[in-house]
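A single chain comes next, written as structure tokens; it is the form predicted on its own.
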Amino acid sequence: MSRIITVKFGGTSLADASQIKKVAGIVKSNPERKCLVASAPGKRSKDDIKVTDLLYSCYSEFAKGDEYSGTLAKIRERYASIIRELGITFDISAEIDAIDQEMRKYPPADFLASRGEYLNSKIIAEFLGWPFVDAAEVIFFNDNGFLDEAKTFLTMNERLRELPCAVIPGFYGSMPDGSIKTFSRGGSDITGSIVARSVKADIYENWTDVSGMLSADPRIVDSPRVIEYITYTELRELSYMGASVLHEDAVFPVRAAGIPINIRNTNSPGDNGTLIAATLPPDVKRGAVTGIAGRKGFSSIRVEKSQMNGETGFGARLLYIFSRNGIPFEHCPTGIDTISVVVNSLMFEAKRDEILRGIKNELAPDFITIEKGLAMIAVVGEGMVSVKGVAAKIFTALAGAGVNIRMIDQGSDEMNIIIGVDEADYEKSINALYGAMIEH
């Protein structure tokens, strides 16, 4: 029985005709690659503009009553140049005119935003000689805007199994009334995952502009190692802190079906990339730490009250105050008489007065202390649970770099350790941890 590989190519992989030719070569080099999910054209250079951003600008101009024909002309020419260089016959003017006419009916912004993937996929399908399947016909959302998994998986399976191959636009689907709805930015990754599960693919290849997931941020650490193998659980932990080349929600459909993800580099197709799976192959040898990631922009609200530990529901009531103000908490380390809630600083400041008033009135604390300017760093690795001295090594590395640790929180599964440091020490901390835990 032949294998099925679903492939998704990102915006940089499809930014122009030369990149699309690379993609065609990759796809045709392996006949098992039967379903291709395409993004809209991304940046061709550092100063370029993504087609999706041009589409959002166009819609904004239209909504404000401004002249948008100049922006639409840029989109038209962008695709026209791709078509010319690919040497195919495709009436882009008719397509753009149809989009313009539809937009004048004032549809939601999602419609125009989705046209980048729609047009690029039709062009790629023409170039490959493959059937085009509109995502709006096979991906469905319910009235609440959530993915209708049962209907989507069934419809897509029935549609795609009749075709030898297909090109499907990423990023969008349709609402019950037929209107277009998009996923969040980067949502073509989710589309690829949905397609992979629907066709029961053996592997989901996500092609981008890097040779896999890196063990640390390359903007901070010089040439960090590529992670060759990583579990879904580790990926989620690192993705949550921003260290991923994959949309964090893209793992759910394939994870449920046991389909591994392979992150690959369009510009270096010979590289193995990163394999993401439920469990690691038995012959894979790794260190205790898989990766290090972090983010700035946090605040800690520390609540102190004598004999707090004897008050049933104190923590629940505290968190509810944040919840009813629409603020999720990131971490919640506790002591006998203290509890801290770590939250996004911008979100907290917008509701600061309401939250502090609620804490004072409903919990009657002895003290409330607010610490701003925190960066949170996650040290992640399933191997940490079976290796002694990992925490000591982390703290020694930070002490050696002259970093004051403001907060420590270890996950219940002992797969991650979260460290809070001053934002000014963030880059220094990442480098110190990478050097101690991964580099050697």
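Definition used throughout: the rigid core is the maximal C-alpha set that superposes within 1.5 Å between two forms. Just count from 1 along the sequence shown to find any residue number. As the structure is a prediction and not an experimental result, all values here were calculated from the model.
Separately, the form predicted together with adenosine-5'-diphosphate (ADP) exists; it is not shown, and the next lines address it.
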#### Entry: Close approach of residue 253 to adenosine-5'-diphosphate (ADP) in the predicted bound form, 4.5 Å, heavy atom
no
### Task
Evaluate residue 108 for contact with adenosine-5'-diphosphate (ADP) in the predicted bound form, applying a 4.5 angstroms cut-off between non-hydrogen atoms, and reply yes or no.
no
### Message
How about residue 210 - does it come within 4.5 Å of adenosine-5'-diphosphate (ADP) in the predicted bound form, if we only consider non-hydrogen atoms?
### Response
yes
### Query
Do residue 104 and adenosine-5'-diphosphate (ADP) come within 4.5 Å of each other in the predicted bound form, heavy atoms counted?
no
### Task
Please name which of the stretches 155-163, 236-244, 72-80, 122-130 has residues with heavy atoms lying within 4.5 Å of adenosine-5'-diphosphate (ADP) in the predicted bound form.
236-244
### Message
Please determine whether each residue of 328, 333 and 408 possesses a non-hydrogen atom within 4.5 angstroms of adenosine-5'-diphosphate (ADP) in the predicted bound form.
### Response
no
### Query
Given that adenosine-5'-diphosphate (ADP) is left out here, which of 258, 281, 176, 218 has a heavy atom within 4.5 Å of it in the predicted bound form?
218
## Note on the structure
As a check of understanding, the residue in 99, 343, 214, 167 with any heavy atom within 4.5 Å of adenosine-5'-diphosphate (ADP) in the predicted bound form should be identified as 214
### Query
Within 2-19, which residues come within 4.5 Å of adenosine-5'-diphosphate (ADP) in the predicted bound form, counting heavy atoms only?
8, 10, 11, 12
### Query
Taking the rigid core as reference, does residue 294 move its C-alpha 2 Å or further between this form and the one not shown?
yes
### Task
Superpose on the rigid core, then tell me if the C-alpha of residue 430 is displaced by 2 angstroms or more between this form and the one not shown.
yes
